[in-house]
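Take a look at this one chain, the form predicted alone, written out in structure tokens.
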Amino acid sequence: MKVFKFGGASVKDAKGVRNVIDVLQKVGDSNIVIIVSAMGKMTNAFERVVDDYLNKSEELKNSIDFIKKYHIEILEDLFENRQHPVFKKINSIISDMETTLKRNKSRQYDYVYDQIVCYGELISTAIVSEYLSKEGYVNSLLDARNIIKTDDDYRDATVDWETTQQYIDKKVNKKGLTITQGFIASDANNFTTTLGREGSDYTAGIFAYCTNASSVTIWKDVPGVLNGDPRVFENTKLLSQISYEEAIELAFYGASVIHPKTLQPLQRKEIPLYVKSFLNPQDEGTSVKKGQRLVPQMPCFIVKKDQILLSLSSLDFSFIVEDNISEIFSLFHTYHLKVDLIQNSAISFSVCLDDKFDNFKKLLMQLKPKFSVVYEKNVSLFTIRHFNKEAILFLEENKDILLKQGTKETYQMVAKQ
């Protein structure tokens, strides 16, 4: 069987949902698990609901109404008959979300986030499944929360592989067409968890691993993996093939095409990954397999914005040694700060951090009594894989550079935005 993943950009409107059928018509429609993300930028819209709810904002009703209106407009385009059961189903899902908000007693952001943001995927998969059925594609809609089990680390849950394998063996029809949600799962108490922002790719990897799929295809609004983000860099080129190792490196440094965790389960079973255009499904795209060399061989540019450059030094000018570094990294782990660059000397230690859980203030409170702390927010981290002199000159042009370093294959610099 195969696993397909359609991201938010590919199902952002009625045209995108119709295009799912166009893809199936051109590449096959049997023995497939389809993973679907929330539509368009709906995850952002559900995050606003969470913020308005926890802040007791008067805008909460408007935020929910925006979500309703967005999805109803898509339904009215896809289903001519307003009496179609899908309208009642979507209204019921949104009502369930409102009930969840009313019954909730927790003020813990991460927990509330997972209980609410999951409705984006629940709505999108209901719409896709109903539309496929309307067009004659028999399919099963599965709730991923009943299949993928995790710990209770909300917003960044760790998969319980053994239990997840058992549920997938029991509930997934490997010969039919199955629709399920990306990004969402549940813990041992059946509270919703999520796998990290953009985690739908990871869901595809989980299903592929547990079903021994022949391949995973991620359908994107770009022709495949490019050597740079076309929204940032001009004249980007398609990479027709890369290895698992190279893809993991690119994902680690921030390439947005593939979620970093996706590749780990795939490479363990050597399941090929394809990244293709949902507008041109028969085009070659990019293949990711074991041991493939980079084709074409060229510099690959990655940028991560809204980072924090943190520099620490000892208060008494003593050396920054292993014990200090171990303590610092323990704090990064506690506060879920991802380290994207490290540079240290005898008495100082600098890191570029991704504060996706907004915990940096809490970290500072722990660090300031023990270290001299200097930091700069809103910086950008630029990375070049397979750099050459021309690529570095191009990247450094007109930049206010705060830090830079290079290894044999990778050049990185931190610059003001």
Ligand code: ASP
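None of these values were measured; they are calculated from a predicted model. Note that residue numbering begins at 1 and tracks the sequence as displayed.
Here the subject shifts to the form predicted together with the named molecule, a form of this protein not shown in this document.
Across the options 388-396, 32-40, 61-69, 354-362, residues that bring heavy atoms within 4.5 Å of the named molecule in the predicted bound form belong to 32-40. Residue in contact with the named molecule in the predicted bound form (any heavy atom within 4.5 Å), chosen from E198, E246, D143, D187: E198. For the stretch 170-184, the set of residues having any non-hydrogen atom within 4.5 angstroms of the named molecule in the predicted bound form comprises only F183.
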